[in-house]
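Quick heads-up: it's one chain on its own, the form predicted on its own, in structure tokens.
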Amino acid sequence: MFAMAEKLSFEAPRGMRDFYPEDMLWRNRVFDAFRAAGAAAGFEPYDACVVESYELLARKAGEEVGGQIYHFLDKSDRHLALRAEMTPTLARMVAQRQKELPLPLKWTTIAQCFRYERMTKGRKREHYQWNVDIIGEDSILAEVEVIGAAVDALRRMGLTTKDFRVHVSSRRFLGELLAASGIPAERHAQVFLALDKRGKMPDVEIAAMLKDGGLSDDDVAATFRIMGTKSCDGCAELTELFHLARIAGFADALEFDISVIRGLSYYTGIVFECFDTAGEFRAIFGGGRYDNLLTTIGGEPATAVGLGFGDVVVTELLKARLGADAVKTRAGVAVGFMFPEQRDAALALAMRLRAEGRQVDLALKPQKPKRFFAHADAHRAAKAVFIGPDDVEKGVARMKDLETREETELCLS
């Protein structure tokens, strides 16, 4: 006799998500804004396999990446991994055809990403990330186009600059300030790594990290003084960024913030992170200039600017600011029928309305009027047509507006 199997759990694996129709309303709102903002700014869509070589991810993020991602050996003992972000894949794709592709490239994608890490508010082990990148352009206009697209997407979702701010800084500028204080360039990478953890651990621990990186007590004190810098005067690239953002119409969404570091070592110039103004959530998106990544994986040198914009935090922010019912707008037409004899007329009407470009939810079996209208209302139809025997005989039905309750006649022939 076989032992009784354990009861199967119906929950999604820890950190992963199912999307029921009500969840898809929010996801579609976010994704539609991503696609529209990307298209409006001339970014070309692309996509790639979700599985990458482990070596590629380790070369970009270091061997310690193994503790942060899902990785495995396939049946041929190849070391593979689920992508944790899209940037290494983008770099690989560009490097593969670098001599053929016309630069600059303006590419965008919505990629599902997986990262095995401790879950906190706004962080899952699976998420979708909108990536917007420009490869092969060193003008500050590249930063303007990338940040501007992200601001446009947030506005399309229904948010305003009362809800968010893009905090911008420059690793180059910070490096100049450190050098002017006597901290040599070879120590800067360690300083950036430590300072990126401010806000996540006490300053006393940050100071310990800086000392472990070879800084003296005076150097540590100078570093913390630099972190109090409130103006980007003297930084030409940030001055130009703010100037161009004013022309582009989103300067009110920007603010200088020397504490924005972006811990990944491949960032080289302007860096940015977007936060909600109330400070309730993690970063909404982040990115910057990464001029050395292609050479890191073996490609030819190429300048680059990009951002990653996850779906988890912004969805939570939208629900908090717009209300949980914000996506439940009415749309389309529900078409139903009372008896089997009216089925053909209902199908013909539904197909005619669809051919006219309307969204139509056709009932699949006869229903009583009360049940049909309850279903149409529950599924947020804007209008409804219920066909009975008299309607078919007369060749005319009535279309009801489910908000105003007004009715208009509709020819069935």
Ligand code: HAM
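Given the structure is predicted, the values throughout are model-derived calculations rather than measurements. In this text, residue numbers run from 1 along the sequence as written.
Although not depicted, the form predicted in complex with the ligand is the subject of the following passage.
*Asks:* Can any non-hydrogen atom of Glu117 be found within 4.5 angstroms of the ligand in the predicted complex?
*Replies:* Yes, Glu117 is a contact residue.
*Asks:* Spell out, yes or no, whether the shortest heavy atom distance between Arg123 and the ligand in the predicted complex is within 4.5 Å.
*Replies:* Heavy-atom contact with the ligand at 4.5 Å: present for Arg123.
*Asks:* Could you tell me if Val166 has a non-hydrogen atom within 4.5 Å of the ligand in the predicted complex?
*Replies:* It does not: once the ligand is placed as it appears in the predicted complex, Val166 has no heavy atom within 4.5 Å of it.
*Asks:* Mark Thr109 yes when one of its heavy atoms lies within 4.5 Å of a heavy atom of the ligand in the predicted complex, and no otherwise.
*Replies:* Flag for Thr109 set to no.
*Asks:* From the candidate stretches 81-89, 228-236, 331-339, 95-103, select the single one in contact with the ligand in the predicted complex, where contact means a heavy atom within 4.5 Å.
*Replies:* In short, 81-89.
*Asks:* Though the ligand is not shown, can you say which of Ile183, Leu210, Ile284, Ile261 has a heavy atom within 4.5 Å of it in the predicted complex?
*Replies:* Answer to the contact question: Ile284.
*Asks:* Counting non-hydrogen atoms within 4.5 angstroms of the ligand in the predicted complex, say which of Phe173, Tyr266, Phe250, Phe256 makes the cut.
*Replies:* Checking each option against the ligand in the predicted complex, the one that comes within 4.5 Å is Tyr266.
*Asks:* Can you list, in sequence order, the residues from 292-318 that come within 4.5 Å of the ligand in the predicted complex, counting heavy atoms only?
*Replies:* Counting only heavy atoms within 4.5 Å of the ligand in the predicted complex, the contacting residues of 292-318 are Gly306, Leu307, Gly308, Phe309, Gly310, Val312.
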